[in-house]
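As a starting point, one isolated chain is supplied in C-alpha cells, in the form predicted alone.
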C-alpha cells in the first residue's frame, strides 16, 4: 500500500481520532483546527502549502455554514487535480453544490458518510462514499486505513451525494431502533412482575434476533445507572432524522417507524405536553374521565 499524505480539517471528537488511526496505518496527516492546541498548522493556507500536489484534503467540521466556509476557502487555495472529501454530516444536496463549485477549478469532490463515533479509533469507521470513480480510487488507501478490519464497513455507494444520503438513511434507521429499545424498556420497567429489567436486556445480547451493538450500548448504560434515574428524558435530533423524513415525503416512500421516532424526540422536549392536555380534556368531556390540575 502506498503511503499517502492527507490534510485533515477539524480535529474534534471524530476528526482527532481519525487523524490518529490514519497515522497508525503509516500515512502522513497534517491536521488543522481552530484550536491551536491540537492543530499541526496555523491556517488553511499553511495546510495546503505543506501538502504535495495532487493534494487530498478531508473536511470534518459541522454541516451547513461551517462546511460551506471551509469549502469556499479551499476553493481559492487548491488547484486542478486536487481532491476534497467532506466527511461531516452534510446534507446530500449540499454535496452536489460543492462538487459543482470545486469542479469549476478542476478540484475533485467526494462525500463520505462516517459512522463509528467515539469507538472508531479502536474499532474502525464504517464509510459510505459518493463520487466519481477516479476520485474515490485515489483515496482508497485512506478509506482502507479508516474502515474496520475484514470485508465489511466500506462501500462506494454511487455518485456525489450517495455517501451522505446513505449515512442519512443509516441514521434514520438508528432513530427507529433506539426508539424501539426505549419503548420496550419503559414497558418492562412498568410491570411489577419483571424485577430485573436490566438483566432482561442483557439476556437478549446473544441468540436473539434483536441483538445489536445498540443493544450492547443500552446494557452498558443500564450498568452505569440501572433505572436511568440520573438522566432527564430529553433527546436532541442531529438533523439527519428530519432530512430522512423529508426525503421520504419528496419520494413518496412510507417511513412510519422512522418518522414516529423523530416525532417522539420532539415530544421529549416538552416539559408538559400540550397535546396530552387536549387528550385529557377530550376524555373528560366525552367520558367524564378525571383530569389532573397542573402543578403550581
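This one's a predicted model, so the numbers in the text were calculated from it and none came from an experiment. Residue numbers count along the first chain shown, from 1. We call the rigid core the largest set of C-alpha positions that still match within 1.5 Å between the two forms.
Note that the form predicted together with a further copy of the same chain isn't included here; everything after this is about it.
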query	finding
Contact residue in the model of the complex, chosen from 71, 136, 157, 99 - any heavy atom within 4.5 Å of a further copy of the same chain	157
Which of 216-224, 78-86, 101-109, 136-144 sits within 4.5 Å of a further copy of the same chain in the model of the complex, heavy atom basis	216-224
Close approach of residue 203 to a further copy of the same chain in the model of the complex, 4.5 Å, heavy atom	yes
Heavy atom of residue 229 within 4.5 Å of a further copy of the same chain in the model of the complex	yes
Interface membership of residue 52, a further copy of the same chain in the model of the complex, 4.5 Å heavy atom rule	no
Heavy atom of residue 65 within 4.5 Å of a further copy of the same chain in the model of the complex	no
Those residues of 108-122 which, in the model of the complex, come within 4.5 Å of a further copy of the same chain by heavy atom	115, 116, 118, 119, 122
Residue shift check between the shown form and the other one, rigid core fit, residue 25 Cα at least 2 Å	no
